[in-house]
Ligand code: F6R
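Just one chain follows, in the form predicted on its own, and it is written as structure tokens.
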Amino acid sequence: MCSIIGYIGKCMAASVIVESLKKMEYRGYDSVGIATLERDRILLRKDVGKVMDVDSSLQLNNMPGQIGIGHTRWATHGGITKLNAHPHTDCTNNVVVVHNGIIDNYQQLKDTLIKQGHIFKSQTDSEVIAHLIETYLKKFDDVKKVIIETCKQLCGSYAFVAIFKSGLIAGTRLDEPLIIGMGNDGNFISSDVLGFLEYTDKAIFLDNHDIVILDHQHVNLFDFNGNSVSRPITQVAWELGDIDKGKYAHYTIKEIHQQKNSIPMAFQIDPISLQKAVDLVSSSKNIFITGSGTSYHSALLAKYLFYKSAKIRTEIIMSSEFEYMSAPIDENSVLIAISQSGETADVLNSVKIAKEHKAKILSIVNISTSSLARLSDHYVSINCGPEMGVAATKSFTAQLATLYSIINNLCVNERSVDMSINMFGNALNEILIDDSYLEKIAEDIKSVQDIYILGKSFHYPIALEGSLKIKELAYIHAEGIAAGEIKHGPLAMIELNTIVIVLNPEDETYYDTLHSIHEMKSRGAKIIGISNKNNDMYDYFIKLPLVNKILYPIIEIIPIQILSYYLALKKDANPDYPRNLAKSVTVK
């Protein structure tokens, strides 16, 4: 949700932190701030805006000191203002704190602290952490004890990092990610490996209730009881080249075009890992699937595919609704949890509930070192590399490819599908060879206020995902509709020149969907047809290459992703950083 980075080492901290924050800005970009320690002075600069802009105006790079912390914010408590930007200090300026998560009892804590004489400068829940630390610093001359006592007061989820005037950095986590980077020229503490991956690939992933204290020579780990703990050093191996935009103007369009490689790569699951996933599903009596946002749409498509291809019934539960479900999840169940980041709070909460009921967990993730992967009985990596654009594109199709592979291997031979890499490579090259026609459509429809997307059967989840992309990137109201449902309400919204996108490749849904198009066309709608076959009813025709009919959902979303991107540009919106959204939603 927010990005945290701390550094202690031989280099000037500020320049390292600024570059780290740029790489993690997809996690939050409302405001940015840095604090450094120079001798015994804590220096603080922060403001509203993106890292590049704030760095330019405040010269963050030039702050002195070899110890520092930085933060980019995605607002939860309090508006997007300079005072609400992190880091936050205590009354004495002896400690400075950055935080990711939500402190549920912050108002009670704040009221008590104000009665004790503390003066608050922000509306955030995070500032209470700095003032609590100040309170305990007056009682204990031991940073470890101070952090333990502070954590005892906090309810909710958090990862926070604090700098002390003594020259120490301390951090801790509960249900929010926090990772140590072990470098030759210094050590890092971060919410994301991308924060330090340019400098080191050696990481320690903190567990819940871990406390870390860093000085120039040591990394000391404790639990909330003050006992020393040991965590393994993990080597992380993401390709740094994927973090650059290359020839593209934005990460989003780069990652859309990367799908000609990422989709075939997602199909290349390690055979042992794939077999473990298949065994976990086939040995379970009840199969539940959960996800949030784009991952929920992957789950919906999986429901269709499980039954159509493997004759297996599944139940889909939106992660944010999981704790309210009444389904009989138990030791005979498997929960398939889908998440790009593996840090989504609602998904992790769903997994915890399922584990309490003794269910097995199979996760489908992009980050093998994530909290979700480590909580699972088994995980399968979608293997698509870093995705910097906030709106999911290549991770969605990689999730689908992974699900297709698992389901295909559950099938008896006569129901399995040819998913050869060559076939997909040719199809994807055909779709991605030229964006100009989709850019023209975007120019023609950029002024509309509403767009409707129709899909039937397993095209319906793609209609939902397509509508989400248009909303996220272009800020146009878009609605995914099951094609057969238009006469049960949606037709009331159709008038002259209403834009309707129709997912209609030639399969068993083709003619039924044509009937729905007739009904909308006769009421004045303009139709954008996405199909392998043209039709006179289409005002615009986006041609799909021929693939196996059941595989169309993987490729038919790509034109809508591209259209959404160009609609964003036509409306002067930044497609990489949609307003009010963050890549990894680590708060409930």
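Keep in mind it's a predicted model, so treat the numbers as computed, not measured. Start at 1 and count along the sequence shown; that's the residue number.
Same protein, other form: the form predicted in complex with this ligand, not shown, and the subject of what follows.
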_Touches this ligand in the predicted bound form: residue 192 (any heavy atom, 4.5 Å)_ = no
*Is the gap between residue 266 and this ligand in the predicted bound form 4.5 Å or less for some heavy atom pair?*
no
*Heavy atom to heavy atom, is residue 459 within 4.5 Å of this ligand in the predicted bound form?*
no
*Should residue 87 be classed as touching this ligand in the predicted bound form when contacts are defined as heavy atoms within 4.5 Å?*
no
*For the chain seen here without its partner, which of 465-473, 221-229, 328-336, 306-314 has a heavy atom within 4.5 Å of this ligand in the predicted bound form?*
465-473
*asked:* Counting any non-hydrogen atom inside 4.5 Å, which residue from 509, 397, 172, 295 sits next to this ligand in the predicted bound form?
replied: 295
_So this ligand isn't shown here. In the predicted bound form, which residue out of 392, 162, 428, 302 has a non-hydrogen atom within 4.5 Å of it?_
392
*In sequence order, which positions of 141-156 have a non-hydrogen atom within 4.5 Å of this ligand in the predicted bound form?*
none
